[in-house]
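Taking the form predicted on its own, here's one chain by itself in structure tokens.
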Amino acid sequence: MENGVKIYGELALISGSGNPELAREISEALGVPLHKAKITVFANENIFIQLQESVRARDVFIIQPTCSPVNYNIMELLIMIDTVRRASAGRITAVMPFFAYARSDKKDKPRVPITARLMADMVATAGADRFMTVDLHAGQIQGFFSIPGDELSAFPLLSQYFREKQIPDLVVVAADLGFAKKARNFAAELGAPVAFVEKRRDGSCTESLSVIGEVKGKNVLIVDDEVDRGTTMAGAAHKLRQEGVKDVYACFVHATFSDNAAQRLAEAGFKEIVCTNTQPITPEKRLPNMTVIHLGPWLARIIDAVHRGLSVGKTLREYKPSF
């Protein structure tokens, strides 16, 4: 203990195969090399992991978003946590920049699971002492975990990016009413008014119905937490153009991009698309008008604060991004 804070051993970083580029960014920003781990997938699809270096008594951060291939990356994370625990690590933090199954956070139909809770339970049961994630789909998911952790938000970085662009006559638009509160906060950061797109969902299909707010003749910035199939974001863009807007920008944290989402965004005619690299974005999904905010240096600063027992909130407030 030091000044009431428990001190763990030396910092150790381990990367899963979910987003090795982001793990390298964190490693380079911290000046701490990634621990070597051999990951083998046998012919029967079983995953086997062996650490090539000791982590005994060390403060281990496992960097593994549970993005596509989702179920493989989940199992790899759980096995990695168990491997590190059995190697006598001092503390284990599961760093999951993208948290899968976050949309399954409540029983909104009869006889359905709450898979987000199951995910939280599995991470704790595997042996993680802490978790770290970025912009959960619903804030209450934090309460599903029985272990302490940090839900971080990349929206201050995204708002800073657009604040520096100084887009005139800007209106921030929530892609749907479920994102209204976060969109309002985002708009406040930019000193811009806010509007909302009302949508109707029928199974996996969405339809933008109406726009709430004054957008005619304005430049608009559509914000959301995640773009999966891209139908909500593209549909909102088309609806806003019918309302007589000028340029349309898109902004979101998680670029899941399933089921031809990149093509839908390309056809929607955005002036610029801004997202982060919580998930890897393959070359075929990178559009010419896409700007990716790299979170490695930001996450590195937070990991360092957690390791040293410093305030994460203070660290976030003091962080100055460079674009």
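On a predicted model such as this, the values are computed, not experimentally measured, just so you know. Residues carry their position along the shown sequence, with the first being 1.
There is another form of this protein, the form predicted together with a further copy of the same chain, and it is not shown here; the text below is about that form.
Q: Look at the stretches 234-242, 216-224, 247-255, 84-92 and give the one with heavy atoms within 4.5 Å of a further copy of the same chain in the predicted bound form.
A: This holds for exactly one stretch, 84-92.
Q) Any chance Glu25, Ile273 and Glu318 all have a heavy atom within 4.5 Å of a further copy of the same chain in the predicted bound form? A) Not one of the three qualifies.
Q: Classify Asp169 as contacting or not contacting a further copy of the same chain in the predicted bound form by the rule of any non-hydrogen atom within 4.5 angstroms, answering yes or no.
A: Asp169: no, not in contact with a further copy of the same chain in the predicted bound form.
Q) So, in the predicted bound form, is Pro69 in contact with a further copy of the same chain at a 4.5 angstroms heavy atom limit? A) Contact check for Pro69: yes, within 4.5 Å of a further copy of the same chain in the predicted bound form.
Q | Ser153 within 4.5 Å of a further copy of the same chain in the predicted bound form, heavy atoms | A | It does not: once a further copy of the same chain is placed as it appears in the predicted bound form, Ser153 has no heavy atom within 4.5 Å of it.
Q. Even though a further copy of the same chain is not shown here, does Arg184 get within 4.5 Å of it in the predicted bound form, heavy atoms only?
A. Although a further copy of the same chain is absent here, Arg184 would touch it in the predicted bound form, with heavy atoms inside 4.5 Å.
Q | Residues within 4.5 Å of a further copy of the same chain in the predicted bound form, restricted to 37-66 and counted by heavy atom | A | Contacts from 37-66: Ala43, Asn44, Glu45, Asn46, Ile47, Phe48, Ile49, Gln50, Leu51, Gln52, Glu53, Ser54, Arg56, Ala57, Arg58.
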